[in-house]
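So this one's two forms of a single chain, laid out as structure tokens and tagged structure 1 and structure 2.
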Structure 1
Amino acid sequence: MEAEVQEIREHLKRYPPFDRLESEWLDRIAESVEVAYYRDGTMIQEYGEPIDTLRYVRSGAVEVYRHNGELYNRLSEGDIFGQTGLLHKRQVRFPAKAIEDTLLYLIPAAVFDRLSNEDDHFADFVELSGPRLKAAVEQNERENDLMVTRVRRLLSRSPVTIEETASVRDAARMMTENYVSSILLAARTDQNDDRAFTGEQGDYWRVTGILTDHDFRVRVLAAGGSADTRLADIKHEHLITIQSEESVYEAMLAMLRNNVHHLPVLHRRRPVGVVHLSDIVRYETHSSLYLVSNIFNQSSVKGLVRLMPDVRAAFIRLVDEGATAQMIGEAMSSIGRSLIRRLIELAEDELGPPPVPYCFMVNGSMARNDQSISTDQDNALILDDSFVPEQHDAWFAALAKRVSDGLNACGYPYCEGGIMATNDKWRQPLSVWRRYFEEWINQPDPERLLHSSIFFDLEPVYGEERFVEQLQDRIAERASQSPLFLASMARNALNRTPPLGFFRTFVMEQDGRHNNSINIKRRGTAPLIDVIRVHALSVGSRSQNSFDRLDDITRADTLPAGQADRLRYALEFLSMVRIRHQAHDLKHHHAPDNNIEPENVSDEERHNLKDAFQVLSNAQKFLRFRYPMPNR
């Protein structure tokens, strides 16, 4: 083989889709290639003109445009273009221009056609080259469609519900007719309070209990009761429920701790189903069950710390099994919440019962259900308004310290910004939190915007969940009605830009510690999450997870067609790059971080990284346009 052909062959095999071709194909392509040179500013192809070669960028840079002249893509070494025209009547669909002196390899249409027919991977690549990022993400998801995490996904039917004033006979008849082993009890209420849901007739109801086949046997038949016994007289006093957005881990956990086999599932106080233990056993892996349940078997912080190698092993296992970023984030968040709950239980055992009702809430990544293996603490306490600092704060300060110290011992470092319940400012009654949120929305300044970007991702972990739900409602109602706040949040979301240079080259960190690397969290996932949060706030979304927020945004139909999907694929891809990098660090006994070195990722992944960063860049540009600063 001539030296020139060999050089072409070696260059091609470095870049997708040629990197997966067999040697015979690489030889054939290299021997067929013609070389073309274009000076800076020269048009390479015009819309509608005939095209008979696939174009491969050997060196230089090319801009590809839509028919209307809008910039579609900017290409560099190793990229291809022209395939759309070859696949559609041999006519150029996207004009292209050299934006610096450029050398192209031209692959004849006959070779292109034969390759597309005989190599599935090549065919997939060129036919999906527009949504290449989408194809990469969906390929990963296809390999893992058995893994689901939200408890709502285990529900197959609506719950069977009966008024608690009905008789045992009525309930048994209804259960038989509906082929169920449990039935929910409900009672009317005159108040639309934080425990009520609205019925089909517009009246208000509360879920008051659940009865199972086992209850009828034990509480009626074995006790000599009558079939006319009122259901309210035999129901359990304390109803255990779970929210539909909680993970399967947490549903399993609630069952184990409370020794129940049926768990009513609520969506913002409305019953939406009942999960049985067998549903979870069918779903979950034995290792996951073991790890989460083991957290609640520990009687000390030292015992929890000893489980941390298991947590890291579970993280690596999920990555190796090909779980998606969303699945891994939810699993790690569930483990983190379980640790907090156990730490609170241990603290209450020492401190005694709380002096007033409270809710321990988490913020940031744990609230969004996208936690990774390397993350610090973000948490706060919401106290009942009967809280009197002089009488009660010592108890809550001690609780916060025990939880924060315990998390730090388990590998969740203290928040350098002090976003923890140990901070007096973040240990306040509900009325104060309401005032905080009102001020942040009505009078945004840099500090308040920073707080909004942290605390407006919030989920309850322990105690009175209704406190957090009230704050979530307040955010959804107020933020969407405040153009000034949305515009301010939008500009705040532009502070961190993707690491792409003008020619789609990577812009490396030069901070002295991680030179020639990219902080994939700071320059990728975090600003993408910021963009999604702004859109979610604008449509009044109450979801906390970024993927769920994108669902809400899509339903609101406020973005140009396809943009929400592009954001979803970019977030999933960037998150997986970060997660795989951290798993690699753990396997090699390094402390996991967020700094990736582009030369250590594959060519295909490097191309997809550029695509994902380009999606982020475009989304940030749109954000400024979508939320203009109103005149004051």
Structure 2
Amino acid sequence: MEAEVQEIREHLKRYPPFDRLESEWLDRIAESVEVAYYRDGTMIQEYGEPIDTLRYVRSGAVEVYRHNGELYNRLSEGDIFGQTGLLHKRQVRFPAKAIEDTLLYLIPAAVFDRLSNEDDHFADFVELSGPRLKAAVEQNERENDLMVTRVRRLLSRSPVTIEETASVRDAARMMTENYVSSILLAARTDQNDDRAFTGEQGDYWRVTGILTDHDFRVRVLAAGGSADTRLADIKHEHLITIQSEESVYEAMLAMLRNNVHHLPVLHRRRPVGVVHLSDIVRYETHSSLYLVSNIFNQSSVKGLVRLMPDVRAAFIRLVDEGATAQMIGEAMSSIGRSLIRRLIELAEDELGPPPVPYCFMVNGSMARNDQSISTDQDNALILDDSFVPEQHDAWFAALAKRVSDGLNACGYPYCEGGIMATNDKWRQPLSVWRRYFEEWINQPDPERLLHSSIFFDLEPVYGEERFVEQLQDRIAERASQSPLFLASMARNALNRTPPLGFFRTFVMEQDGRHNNSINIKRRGTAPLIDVIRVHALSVGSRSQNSFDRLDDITRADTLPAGQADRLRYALEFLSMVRIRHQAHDLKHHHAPDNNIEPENVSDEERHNLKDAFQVLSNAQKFLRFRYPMPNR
């Protein structure tokens, strides 16, 4: 190999996507490179010009613009540009200018084409941001076992089943003979039953429940039942099951959500086994499940506070084991909710029963199921309409204070904006809450919605869940009908803009300024969640989680093709960067924050981050156009 080829090759191979190329490809590229020099201030390519090479910055710096002259990107050593033009009719799409004396390596279109055809990683890298982010996100998912392993793989034996007309004694005997800690109940049925499966004799059965060792203690012995009690009389009302093709992760979530330790596994309608909490824990060493049951075993706030190092450890483990942002968000939210539930139970033990029915509601990230490790608390109380402040409010104020103080002690700091049930305004009967939402939706203005948009992420945690569900229904119905409301929410979703990306060791702002670090939440995940919320409200979605909302948006088919997917990849990627950063902080005994410094970002991540910011920026532009302010 000649010296100059060697020289070019050595440089290319330090930068993505070339760093992942096979050696033969590197040779071929290096051998084909042409070179051009541009003095500081000269145009390299103009819009619409023919383009026949991919441009690689060997030294110097280049600014890339949109067609309208707006700054699109700033590039330095090792960056490439011109790919969009090469992929689109071989015409320059983004004009570029040298802003320092710049030496470019030019890779001929023929080589570029072959490379894009034959190397998937390279193709993902040069294609528009969607595929590249998608590749990064999917790569992460592929590396995660929980997501891909089917729950049936955890099953070691077929289920022990008994007809529900049998007695408790029969069931206990059968469990003992089979060395199992749970037994499935079944009832005879006919073929018209949509949950029927066929038995060995061709007869029809359906699974009606599950009994565990624990149930014998609680539901039989402690309740004074006899050995002759019929199983059907002591079974749980709601049977929670999972399909055998679901992932281990789904099984874990089902257990977390419902706080159960046994989960019957069905193949279609036929029971094929029971997975136990310990099966999952044995499979993955996550302890977030144990943590939840541990939370419910604590008898004081102090006890709960003592569990917090375990919460942090579980968070770090999830990150290290390659869980996705969605998984981590759900796990952390489940832990947070369990904590609130337990705090409420402890408070009720002391305060006595509530004077009127109520629902404890969470807002913000916990409602969206995307909590991270450092989040403040956002919550409120919805009271039954029979609420009389003079008689009842002291009880609820006390409850709110205990929960809020408890959360603060556990590391969920008080909400600076006062979105807490301790605030009189957010401790109100359902009818008042209905009026609040009515006003926000019917007489919106961006200023007013700025502080209340957090209430548009809402989930019940404890008590009368129907209160919150009624509000959710109301919002889903009304929001989509109010263009002015949507426009106001959209306006607010534009308040926080992403940076362009990085330039050398700085964060590059859209106006060309440089900063030393970037708040990935404020400039990334939060505005993206805002954008998704507006679209979700406009299609009448009742979902609270951003990924679920994107599913609803996709089904409603109101966005240009591919946009929902791009938002999904961008959100997963940005969230993951934030989560990894916080895990890193925790491991190094720093308080976790949201500030990312460019020097701690890898080259690969840098490119993906740039893409994600670009997706957000485009989504914000679209929002402005999609939900214009109607003329009043």
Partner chain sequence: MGRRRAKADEAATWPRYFADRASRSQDPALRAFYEAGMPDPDTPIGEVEMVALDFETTGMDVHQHAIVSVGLVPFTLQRIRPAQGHYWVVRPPRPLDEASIRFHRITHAEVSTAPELDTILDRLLSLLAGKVVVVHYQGIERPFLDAAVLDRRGERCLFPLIDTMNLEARQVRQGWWRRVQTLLGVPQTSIRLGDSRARYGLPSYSAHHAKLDALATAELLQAQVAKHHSPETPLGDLWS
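Residues are numbered by position in structure 1's sequence, first residue being 1. Take the two forms, superpose them, and find the largest set of C-alpha atoms that agree within 1.5 Å; that set is the rigid core. Note that the structure is a prediction, hence the values are computed from the model and not measured.
- Assignment of forms: the chain in structure 1 is the form predicted alone, the chain in structure 2 is not.
- Once the rigid core is used as the reference frame, the Cα position of Arg55 differs between the two structures by 2 Å or more.
- In the core-superposed comparison between the two structures, Glu237 has its Cα shifted by at least 2 Å.
- Once both forms are fitted on their rigid core, the CA atom of Asp565 lies less than 2 Å apart between the two structures.
- Superposed on the rigid core, the forms differ at Arg28: its CA is offset by 7.4 Å between the two structures.
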